[in-house]
Structure formats: C-alpha cells, structure tokens
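The chain below stands alone, shown as structure tokens; this is the form predicted on its own.
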C-alpha cells in the first residue's frame, strides 16, 4: 500500500514530513517498506506553500532484516528494504484522511491538501512531468487512477501526492529531519552553531549545512514549523552520526527520508530559443552585455545563442555569487542553470559553468612614430593618431595593447549554501 500526501503545510506552520511521521505511527500494525520519501517538485510553480515537497510511504509485510531509520516517542522506527505491499482498504483511507483533517494547515489559502492510497505505483512519467513542468490535476489523477483519493479545498495537493508516489530514483540523497516538542513550535530554536560547523567539517558526505561567509545555519528552518533541523547527505549511515554531533534542544522524534534533493531532476536541457516560463533549464550562450546592478542589488546580464537573447538574473541574497557574475564580460561563453521567470522574462540563475573566457585588452600606449621615434598624439575619439613632429598619421589599432588578466576562471560557480534550491545539485556532489 502506497500512501502519498502533499500540500498540508504553510509558511505559518505545519510540515508535510511531520504528517508522514504521524502516518507511520498510525499504521504501526503494518511494516514500513523502504524509507519514507520526501520528493521535491517543480520549484517554479507560483502557488507552492514552501519548498514544494510531497511525501510518499509504502506499507505491507517486510522481507529480510529491518534497519532503524528513526525514533518516535522513544520507540525505534524500522523499515525493510523489500516487502509485499498491503492492499489499501476503506478503513485505511478513513484513518489517513482523519490525520490530514487534524494536522493540515487549512487557514492558508495556498494550502490545498491531497491524499492518495494505492496498491499500484503510478507511472514514473507523472513524476517527471511534475518536477519539470506545470501540470493539471485532472489528467494527472486520471492517469494515476489511485484506489482511494481525496482533495481538500481545490485539491491541488493530489498532483504532489501522485507524483511523489510515482518517483523512481535516478539520483537520490537522504535527509535526517529532527522535530521539536510540540510545546516549542513557533518559538526560537536552540542549536549550537559550533557543533553544526563541527558536523559539517567531519561528516564529509553531508551538504548544504552551513554558510561560513554569511554565518548562516542552513539546517535550521526559519518558519514556525515542527522541524528542529534537517541535514542532507549521500550516505544514510553517516546521517545516524550527525545527531550525536549537533548540540540542540531535545528532539521529540527524528526520521531519515530518501529524497530527490540535490539531484537537478528539475533541470531541462534546452535552448534560449525555446524557453518556457515556470520551467528550470540548462542553456548555453555567449555573454552579450556587461553585467549591471539594478535597484535592489540584483545583477542582470544577457546571453545569446546567435539567434535569440535572454536576460539572466542573480539576486542580491546570493551575495558572492552575484560578485562572480559581475566579472563576466561580453564574449564569455557560459552554460546557465536556472528557473525561467514569466514577468519580467528572465532566467533566475541557480549555478553557471564558464566554458570560455573572452580575451580582453587595454591600451597601454599611443603608437610610436617610426620616423621621429616619439609617441603620437590622439586626434580625437576614434579618429586615430598624429605625430606632433612630422604629421604622420596612424589608425586606432596601431596603438599598443596588453591582454588583461581576468579575475574569473573557467569552471563551475554556485550560490552560497543559504541561497540554493532544494533540487539544485551542489558542486560538492558532481
């Protein structure tokens, strides 16, 4: 039995992953097959609540030896790598719906929960559609055809519920999420910064933990949700170690999720000539204009494929990444990864690869008169030079030039930890 749920959270509170832990508690008579899954979908949809993450779980009869993946109310939570899925019943569906009724943040107009229970895993194409494009609920639901489903309010969360359940990992990571005691929800979190830095430096398989330049603790959310911290990594066993290093207020529960975070699954290889709003793309082009800072501190530059030109934007919160953008010059050849914004039409840059740097020269001296052995003087802008002694003339290109050493190198560049999207693949994972 697969259970998929989405869109139960809000910037004002709650978290769909917390609801997942409640589902695990509720269905404790069944075995959990595989880690619960946290699946991020298209980050560009305008109606997302926070990180556009949905959750999927599978229950049934486990086969083999279980592993510990969490703890709830002092009890170890285990899952099996493989198993035989249970068939969902009306009673299962009723119990799952009651949890959504109890915990979803219905007061937010953007919160529109969706829940599915199914014995058959939906087609993986439904995941790829939802992680890369804007999709409609009706055709998504019709294709999946889950045994049981329910949408609250406009039911948009059904898209995420189905898509999370349809995910077959091409690339995957893990995240250990620790949750706060309910009495502390909405209050300032207590996490020791030094211990987070120690964890970041000692557990090398984790990523996006701490921004040393901005002194920002990226593992700690800023919303009043139940999460204490979330730490991402490539190796599940390493995540068991981090909770013993990070010093914080007492966690009420913790779970290790399998995720598509840091995978670049949302990126569509494309062309500047065929960009669609609300998608995330990788495009190649040549810089055609010197970058400029606009109001708000955002940086804009243009790239072209020879047929069409598009603006690229690096926003002020990206800090040092924006300074990298400032060093680009016309003629540089780059690949840009980012989300296509509709208005103003631009690519919001997530990372970039500098393939080739333009050769740039600066004038160091006027031309030398071969007859008089003296430097000529400028006649005027773009009018060339004349020798003050004999009157001989020379064109602009006869001046002496020196190649400028660029402050930029070829290679990859990405924003600081605190400015990265959940799905963006950090260079550390390349």
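Numbering follows the first chain given and starts at 1. Just so we're clear, the structure is a prediction, and the values are computed from it rather than from any experiment.
Omitted here: the form predicted in complex with a small molecule. The next part is about that form.
Of the residues 384, 34, 66, 51, just one reaches the small molecule in the model of the complex with a heavy atom at 4.5 Å or closer; this is 51. 130 is the sole member of 130, 283, 176, 100 with a non-hydrogen atom within 4.5 Å of the small molecule in the model of the complex. Partner proximity in the model of the complex, defined as non-hydrogen atoms within 4.5 angstroms of the small molecule, places exactly one of 240 to 248, 299 to 307, 85 to 93, 134 to 142 at the interface: 134 to 142. Residue 45 belongs to the set of residues with a heavy atom inside 4.5 Å of the small molecule in the model of the complex. With a 4.5 Å cutoff on heavy atoms, residue 159 counts as touching the small molecule in the model of the complex.
Residue contact check for residue 40: one or more of its heavy atoms lie within 4.5 Å of the small molecule in the model of the complex.
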